[in-house]
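Take a look at this single chain in structure tokens; it is the form predicted alone.
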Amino acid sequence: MSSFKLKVLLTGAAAVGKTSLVQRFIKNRFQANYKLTVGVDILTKDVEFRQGEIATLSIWDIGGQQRFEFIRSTFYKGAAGALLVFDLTREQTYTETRKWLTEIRQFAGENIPFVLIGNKADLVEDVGIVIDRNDARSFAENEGSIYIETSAKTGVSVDEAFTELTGRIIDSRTH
């Protein structure tokens, strides 16, 4: 039984649901009231990313507010991978993912594995889709990743997002 300790980042614009994703993943619950993440919250969970293979994720939920930009760079240090999250109902948050990816690569390394996440899939039916899913998919693929749509509210694909990232981190280290 191999075991890895991995620091992973949750990044993306403010209010895209990063904290809700990590709460759903770790505690399997959803809180509707929005609370701003100041700086960073760190939570830990073991993930079985392949049969009998466990990784301990140290998940750094990083505040997306503009005003935290100057301290963010210090959080990226030593990160093994990142979930780059945007809100499916707010196009601006998707547009900003390129800027975030540049920031991640600048401070955590050019080749850091990441997964692009379109969150709040549960709201798409009410609001309508505001981003081009094919564009999101090809953007992720062109950057050597994949695109997953999640809902922290319903829990859809949340575990998959973390498991997929973990597998990609391990693969990047063994090849």
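Just so it is clear, the model here is predicted, and its values are computed rather than measured. Numbers follow the displayed sequence, beginning with 1.
Keep in mind that the form predicted in complex with a small molecule is missing from the display, and what follows is about it.
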note = Per contact check vs the small molecule in the predicted complex (non-hydrogen atom within 4.5 angstroms), the hit among 103-111, 133-141, 47-55, 117-125 is 117-125
request  = Classify residue 163 as contacting or not contacting the small molecule in the predicted complex by the rule of any non-hydrogen atom within 4.5 angstroms, answering yes or no.
outcome  = no
query = With the partner left out of view, is residue 9 within 4.5 angstroms of the small molecule in the predicted complex by any non-hydrogen atom?
reply = no
ask   = Is every one of 79, 168 and 172 in contact with the small molecule in the predicted complex, taking contact as a heavy atom within 4.5 Å?
value = no
